[in-house]
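Before any questions on binding or motion, here is one chain by itself as structure tokens, the form predicted on its own.
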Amino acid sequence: MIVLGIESTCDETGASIVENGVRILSNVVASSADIHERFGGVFPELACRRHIDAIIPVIEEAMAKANVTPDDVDLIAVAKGPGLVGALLIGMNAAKGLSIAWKKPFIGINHVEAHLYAAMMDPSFKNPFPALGVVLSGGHTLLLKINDIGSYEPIGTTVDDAIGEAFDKVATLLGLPYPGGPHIERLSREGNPKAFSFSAGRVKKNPLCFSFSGLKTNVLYAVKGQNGQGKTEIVNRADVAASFQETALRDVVLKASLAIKNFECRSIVFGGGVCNNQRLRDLFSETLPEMDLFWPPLNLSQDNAAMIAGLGFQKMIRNPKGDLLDLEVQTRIPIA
């Protein structure tokens, strides 16, 4: 089965051709991160304008690189959410238009679920379920029990910032460019992770949930003082970055470790752009050496359409009729 995947949930416009859920024939991404850098985060209106300009050229490029025609495509899979409503609508309407024009079925895909599926696209992946799912990105921080593809039980989430968003905001405080994660990771290598006694938030109602707002405030006070008006002494930015990163990532490892004690877990499956962080990968390997850890390939951890197309194949097997053309986008979707 040849699937065209379309991704437009945030600031990346993606199109991909994937065969049978795992063989990536092309994967094209046009990012608008350059226009958001001066804002320190995604400016939704500008992201949507870039999607409008990029969506058709990206689809055409993906098909050309895969050497396929509309006749070769068996299914169109598109991210239906969660994400920015305007951005989602552009991808969804493109998919519906092509579905009508090409007379092909289409199916809506949960973007968060697709992030987890990205780690399953290696042909050697052997369904080691039940597994713990860990999604860490700019918009999401989730712990899930994965019973099977399409069967999930939420365990914990963030009550404020997603971890990737916290990285972006701390990067702004440190004068680093957007997106902040890679810049903080690089700067952290020059710093002392024990220089500042930062602490991650605790959520009383659910110890497996996350809170990064307090940690972000710790960084603010370290950089600008208690009143936010600046400090007289010079702060070592590398030490701040390293201390923040270590605190945030260790919190993730701690809560994942607690989660796997609550149910019989055979492996951990990761998804999302923060999973590119090498310190995160090292911490999990050091803390849970007995666990099978399935990380997404580096080129599939950020938002992309290959994971949408791949999961579309799996969904179509389970729902051969696909979705109706009245399918609506959803800015928030519970994953269960």
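The structure presented is a predicted model; accordingly, all values stated were derived computationally and were not measured. Note that residue numbering follows the sequence shown and begins at 1.
Note that the form predicted in complex with a small molecule isn't included here; everything after this is about it.
Notebook entry, point to check: Does V274 reach the small molecule in the model of the complex, with heavy atoms at most 4.5 Å apart?
Noted result: Because a heavy atom of V274 falls inside 4.5 Å of the small molecule in the model of the complex, the answer is yes.
Check: Within a 4.5 Å heavy atom cut-off, is Y117 in contact with the small molecule in the model of the complex?
Finding: Y117 lies outside the contact set for the small molecule.
Note to self: in the model of the complex, does E113 come within 4.5 Å of the small molecule, counting heavy atoms only?
What the structure shows: Judged by the heavy-atom cut-off of 4.5 Å, E113 is well away from the small molecule in the model of the complex.
Check: At the 4.5 Å heavy atom threshold, is G91 in contact with the small molecule in the model of the complex?
Finding: No, no contact at 4.5 Å.
Notebook entry, point to check: Of S31, Q302, S267, N27, which residue is found within 4.5 angstroms of the small molecule in the model of the complex when only non-hydrogen atoms are counted?
Noted result: Filtering the options by heavy-atom distance leaves Q302.
Margin query: Only one of P105, G86, G97, P182 gets a heavy atom within 4.5 Å of the small molecule in the model of the complex. Which one?
Written below: By the 4.5 Å criterion, the partner-contacting residue is P182.
Margin query: Only one of these stretches, 70 to 78, 123 to 131, 141 to 149, 160 to 168, has heavy atoms within 4.5 Å of the small molecule in the model of the complex; which one is it?
Written below: Of the stretches listed, the one contacting the partner is 160 to 168.
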